[in-house]
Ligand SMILES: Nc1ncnc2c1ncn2[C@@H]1O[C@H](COP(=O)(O)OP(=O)(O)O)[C@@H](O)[C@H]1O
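The chain that follows stands alone, in the form predicted on its own, written as structure tokens.
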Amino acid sequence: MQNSSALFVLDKNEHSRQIIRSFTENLEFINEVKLYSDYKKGIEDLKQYSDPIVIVDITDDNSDLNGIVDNIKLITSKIIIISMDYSTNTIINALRLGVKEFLPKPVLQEDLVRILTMFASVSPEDEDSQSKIITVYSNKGGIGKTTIAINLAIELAKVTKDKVALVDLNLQLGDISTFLNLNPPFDVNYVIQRLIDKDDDIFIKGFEKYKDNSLYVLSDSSYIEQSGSITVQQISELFRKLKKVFSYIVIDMSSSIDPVSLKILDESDWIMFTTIVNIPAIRNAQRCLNLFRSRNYPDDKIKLVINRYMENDEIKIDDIENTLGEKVYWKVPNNYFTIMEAINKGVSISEINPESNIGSNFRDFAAKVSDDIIEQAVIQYRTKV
């Protein structure tokens, strides 16, 4: 069923605004079209409407574009960016703003109607986001996956300014709340049992906001016996809800292989498969990668991460790639003392020493993850149009 929506057009060109209006004249699900050359006035009027659709022209240089889109996103996620410049860089910049769709100018009626129809057919509760579930996993304990999950999530929140969830699904022996010195009022079991079917504002109250950035932490179960009650179906429900609320979801999980663990891995968009440079770890990694291949995961789902990497290791990266049949996606340097100081003080690595080799490494890691996700979205856009 199509929902009736107001359409706001923020475009400095009068002719362009009128053309867009004419394209929507026979669309029954557009109940009102509002045209603005003054973007600030348009955003102010937006506040009076429920779930509007907004078209924003970014052709003209606008130094406050980030602020404009951020303000619109507080009201609606149904945003279409249009521009005379439709180079790859422009599309990437638009997607970095968190928009749903991009159209080149002059806008074609067929393309516009297609997107408007899609938006009008989706309610706010059912809206499918472009968020990604990134699971940090190793099938061997002591590899450092919790440290990677925590610091990747924190740096993603800083780099993207989007809402990032850090979820502890190591259901029996989770450490995230300890590593970050948190005393959360709720845990993952409570959120799944009590808040999963609530609206977004209530759901997010089950998370603890980490300091002054956009990271929200969902801790492990307080009691081991409760963790066993979480089912495969509940994992699917949790992931669906997380994708509606957060742009990035970073999962830390146990090293075990059981039905719940397999469900987490199956439903993750990316798996940061983490290992270290020694023979036993690489042999374990080889067995796990064979399991992933048997489950027919897409080639770009597995991202091989080498932790505690040292340039003078006897085993070289080429040797690892040849043995495992996977390219190394990222290398995290070995910096034992900085990591242990961060863990013992219950803070992130960047709070201990942001200019250390490992501090800058995690910033670059988060930037690469964000850029690669955006590039993936651009490729999908290119194949769609």
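Since this is a predicted model, take the numbers as computed values, not measurements. Just count from 1 along the sequence shown to find any residue number.
Beyond the structure shown, there is the form predicted together with this ligand, which is absent from this document and is the topic of what follows.
J.: I'd like to know whether K243 contacts this ligand in the predicted bound form, with contact meaning heavy atoms within 4.5 angstroms.
T.: No, K243 sits far enough from this ligand in the predicted bound form that none of its heavy atoms falls within 4.5 Å.
J.: Please check if P333 has a heavy atom lying within 4.5 Å of any heavy atom of this ligand in the predicted bound form.
T.: Answer yes; at least one heavy atom of P333 falls within 4.5 Å of this ligand in the predicted bound form.
J.: Given that this ligand is not shown alongside this chain, does F179 nevertheless sit within 4.5 Å of it in the predicted bound form, heavy atom to heavy atom?
T.: It does: once this ligand is placed as it appears in the predicted bound form, F179 has a heavy atom within 4.5 Å of it.
J.: May I ask you to state whether S219 is within 4.5 Å of this ligand in the predicted bound form, using heavy atom distances?
T.: No - in the predicted bound form, heavy atoms of S219 and this ligand never come within 4.5 Å of each other.
J.: Which pick from V33, L324, I68, I339 sits with a heavy atom within 4.5 Å of this ligand in the predicted bound form?
T.: Only one option qualifies, and that one is I339.
J.: Only one of I302, V277, V191, I143 comes within 4.5 Å of this ligand in the predicted bound form by heavy atoms, so just point that one out.
T.: Selected option: I143.
J.: If we take heavy atoms and a 4.5 Å cut-off, which stretch out of 134-142, 157-165, 260-268, 230-238 is in contact with this ligand in the predicted bound form?
T.: Among the listed stretches, the partner-contacting one is 134-142.
J.: Please tell me whether the candidate spot formed by V54, V99 and T117 is one where all three residues come within 4.5 Å of this ligand in the predicted bound form (heavy atoms).
T.: The answer is no: none of the three residues contacts the partner (heavy atom, 4.5 Å cut-off).
J.: With this ligand taken in the predicted bound form, which residues across 297-317 come within 4.5 angstroms through any non-hydrogen atom?
T.: N307, R308 sit within 4.5 Å of the partner.
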